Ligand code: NAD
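The form predicted on its own is given below as one chain in C-alpha cells.
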C-alpha cells in the first residue's frame, strides 16, 4: 500500500495536490490549523476541485497538528513565512525516515525548515501550475503547468514520484533544483512587486518596459554573482514572455495585497536584496524597488516582513 500523504496547508496548491492525489485513489490526510478549522472543514464535506467549470468534492480526511499518528511523507504547502513554525509544530510526529516536500515561493524558508530537521529528507519544489481559491476548501485549476522537484543534499529521485504520475501531476526530478528556484525568484522579483506598485495585471507591465529591463539587468548580475549562470540566461526575454503569456492574470503578490493578506516579500525581493548585500553587490534599482514596496505595504497597514 502507498505511504500516506499528509498535506499541510489548504491554500491553492495544497488543495490542488490533495484533490488530485485523492482522485487517483492514494491515501491523503489534510492537516488544518485547529479544532475550529477542522469543524469548518468537516462541515464542507471535503476539498472541492473545479476543473474546466466542473466541481467535484473529495472527502479527504482532516486532522489537527496534535493528532498522534506518525507522519512519513509531508507536503508543506503553506506560505513561506509560515513554513518554519508550522513544521516545528509537527516535528514530534515526524518518523525517523520522514520526507518533506516544500512547495514554498522564493528562497530562505527551505533552508530554515531543513536546519531544524536534520534527520528528515527535505525536497524542494518549484511549480508553474496556476490555481486560485474561490471559496473556503475550494480551488479552481486555472492553468496547467509543471512542477520541478529536487534535493540539494541527495540527488537520487524518490520512488514516490510514481504517485505523482498516477495523480496526473506533471513533474520532473531536477538534479539542479537551486537553479530552478533562483530562476523563479528572479522572475517573481521582476514582475510581482511592479504589478502591486502600478496596480495592474501582469500585462500592464508592457507599458513599463524600461523599468522591467533595468531590473532584469540587476537580477542577472545577482544570479551570476551567486554562482547561478544558468538561471541568469536570457532572463529578460523570459520575463517578457511570462508577462505576455499571463497578461490577463494578477500576480500572486497583487492578489495578496488586494485581499489585505501578508505578502512573501521577505522570501522574494527581500531575499534577493539580502544576498546582494552579502556579496557586497550594489543593485540600486532592486534596492529602491524593495523600499518602495515596503513603504506601499506600510501605507496599506500590511506587514513588510
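Numbering follows the first chain given and starts at 1. Since the structure is predicted, the reported quantities are computational estimates derived from the model, not experimental observations.
The discussion below concerns the form predicted in complex with the named molecule, not included here.
Novice: So in the model of the complex, does any heavy atom of residue 220 sit within 4.5 Å of the named molecule?
Specialist: Flag for residue 220 set to no.
Novice: Classify residue 77 as contacting or not contacting the named molecule in the model of the complex by the rule of any non-hydrogen atom within 4.5 angstroms, answering yes or no.
Specialist: Yes - in the model of the complex, heavy atoms of residue 77 and the named molecule come within 4.5 Å of each other.
Novice: Would residue 86 count as touching the named molecule in the model of the complex under a 4.5 Å heavy atom rule?
Specialist: It does: once the named molecule is placed as it appears in the model of the complex, residue 86 has a heavy atom within 4.5 Å of it.
Novice: For residue 104, is any heavy atom within 4.5 Å of the named molecule in the model of the complex, or not?
Specialist: Output for residue 104 is yes: heavy atoms within 4.5 Å of the named molecule.
Novice: Counting only heavy atoms and a 4.5 Å cut-off, does the named molecule in the model of the complex sit next to every one of 121, 155 and 158?
Specialist: No, none of the three is in contact.
Novice: Which one, 274-282, 66-74, 45-53, 28-36, holds residues whose non-hydrogen atoms are within 4.5 Å of the named molecule in the model of the complex?
Specialist: Checking each option against the 4.5 Å cut-off leaves 28-36.
Novice: Taking the named molecule in the model of the complex as the reference, which of 233, 163, 129, 176 has a non-hydrogen atom within 4.5 Å?
Specialist: Residue within 4.5 Å of the partner: 129.
Novice: Given a 4.5 Å distance limit between heavy atoms, list every residue of 144-168 close to the named molecule in the model of the complex, or none if there are none.
Specialist: Result: empty, none.
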